[in-house]
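Have a look below at one chain only, the form predicted alone, in structure tokens format.
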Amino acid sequence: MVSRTDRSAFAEWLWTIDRYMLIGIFTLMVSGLVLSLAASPPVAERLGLESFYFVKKQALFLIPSAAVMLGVSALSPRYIRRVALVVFCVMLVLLLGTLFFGSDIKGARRWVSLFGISIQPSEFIKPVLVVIIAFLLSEGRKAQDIPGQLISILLFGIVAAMLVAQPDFGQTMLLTIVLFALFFLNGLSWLAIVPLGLMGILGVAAGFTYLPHVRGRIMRFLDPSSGDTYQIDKAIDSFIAGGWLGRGVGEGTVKRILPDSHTDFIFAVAAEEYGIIVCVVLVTVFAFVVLRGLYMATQDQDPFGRLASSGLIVMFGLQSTINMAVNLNLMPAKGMTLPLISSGVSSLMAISLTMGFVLALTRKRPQPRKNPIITVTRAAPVQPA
């Protein structure tokens, strides 16, 4: 055990980190490895790979992902801003590179190969963009001559344009909602939010009109007979087959014919093998991490820390909700992973970076003490006798 009188860097980190949220995050990481063991072997076999290829890959990168999260969680807000700026610049270049040198997978260019590792830059640019926008908005409130809102919208526009060009409409919509949340939390009036909301609706309408894959997904959701709904149908079959208690570990059958069972539809595999009760427990852990993160954000007196941690947690919660909603056919398919659960190196590392930011920003820090007001009263002059 580490004593509270210990003044080492590790002791300071241990006594200031939110250990409840840290336990919740590690619970999701371990759950992801367990579910990868159940969902990924059939996919690996269909691709001609060794049965536990994706499991070993997930386990291999779980340790460096945890190291990234813990390392980032020890940083101060100043260094978080610096790290976010460096990562943003690098990922912006790689994001641009996907349009020219990216791997074409299922009609989209979202991945680039770097040192033999396939990287999805959009996963990494999301959290750092949130941190940068939070800093710009908080500085804009302090000094009226800093156009924080305008620069934030310009940066978002550049990233969104590259995402749509890939195309990746799901990530674009996620970032758009998070941007609205940041502006709202920063004190933007409803009169200004309404035009932004109308712009978002126009963006969805434009995507529906000019992007065939977006139109196809929305139409299949509204009218299943209008197109192929194979994966969604099989995901629903998984929930029905699993029931409350599940078929048992390794007894699932739908995962053998579900193409993305290890990524986008791993929640459905959990339902079939472990049952709806385990899925509810998993949802509860996600909800706990989100609510705990929002609560800790409200305790922060620093506008930047409060805004950045809130935005990151909103993004984490929204992505989790979208993935599970798609599995239950409650919204159109988005091609979005379940944070810390789905297989995928980029997703795991990027979410670990995100939660590292959150843990760092929500650490307990001494608040500046206010100087006591001392009132000095003069004694009445002594009258001569």
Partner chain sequence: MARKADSSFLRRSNVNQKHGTSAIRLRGPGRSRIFFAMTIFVFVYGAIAGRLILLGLQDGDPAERFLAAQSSVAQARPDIVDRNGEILATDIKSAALYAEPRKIPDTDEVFDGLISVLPELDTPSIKKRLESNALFTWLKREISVEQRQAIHALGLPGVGFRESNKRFYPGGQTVSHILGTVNVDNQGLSGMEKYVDQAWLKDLQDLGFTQDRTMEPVKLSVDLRVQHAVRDELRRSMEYYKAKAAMGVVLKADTGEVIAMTSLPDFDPNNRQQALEKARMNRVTGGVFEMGSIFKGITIAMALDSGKVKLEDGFDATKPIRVAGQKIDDFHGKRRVLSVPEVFIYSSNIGTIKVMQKAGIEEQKAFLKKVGLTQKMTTEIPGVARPLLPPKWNDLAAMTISFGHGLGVTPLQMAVAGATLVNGGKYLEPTFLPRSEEDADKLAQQVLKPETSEILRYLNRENVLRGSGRRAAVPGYDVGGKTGTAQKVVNGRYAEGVYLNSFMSAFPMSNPEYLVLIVLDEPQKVEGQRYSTAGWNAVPTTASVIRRIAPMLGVVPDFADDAETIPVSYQNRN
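Residue numbers count along the first chain shown, from 1. Worth saying up front: this structure is predicted, and the values here are computed from it rather than measured.
Keep in mind that the form predicted together with the partner chain is missing from the display, and what follows is about it.
All three of Ile236, Val283 and Leu328 touching the partner chain in the predicted bound form at 4.5 Å, heavy atom to heavy atom? Checked in the predicted bound form: all three residues contact the partner chain.
The partner chain: the contacting residue among Leu33, Leu70, Met324, Ala44 in the predicted bound form [heavy atom, 4.5 Å]: Here the answer is residue option Met324.
Have a look at Ile276, Ile153, Val87, Val204 for me and say which one sits with a heavy atom within 4.5 Å of the partner chain in the predicted bound form. When the partner chain is considered in the predicted bound form, the option within 4.5 Å is Ile276.
For the chain shown here without its partner, which stretch in 258-266, 195-203, 132-140, 168-176 has non-hydrogen atoms within 4.5 angstroms of the partner chain in the predicted bound form? Contact-bearing stretch, as computed: 132-140.
Would Gly148 count as a contact of the partner chain in the predicted bound form, using a 4.5 angstroms cut-off between non-hydrogen atoms? Heavy-atom contact with the partner chain at 4.5 Å: absent for Gly148.
Does the 4.5 Å heavy atom contact test between Arg109 and the partner chain in the predicted bound form come out positive? Because no heavy atom of Arg109 falls inside 4.5 Å of the partner chain in the predicted bound form, the answer is no.
Is there a heavy atom of Asp104 no more than 4.5 Å from a heavy atom of the partner chain in the predicted bound form? Residue-level check for Asp104: no, no contact with the partner chain.
Is Asp223 close enough to touch the partner chain in the predicted bound form, meaning at least one heavy atom pair within 4.5 Å? No, no contact at 4.5 Å.
Within 308-322, the residues that have a heavy atom no more than 4.5 Å from the partner chain in the predicted bound form: Ser310, Val314, Gly317, Leu318, Ser320, Thr321 sit within 4.5 Å of the partner.
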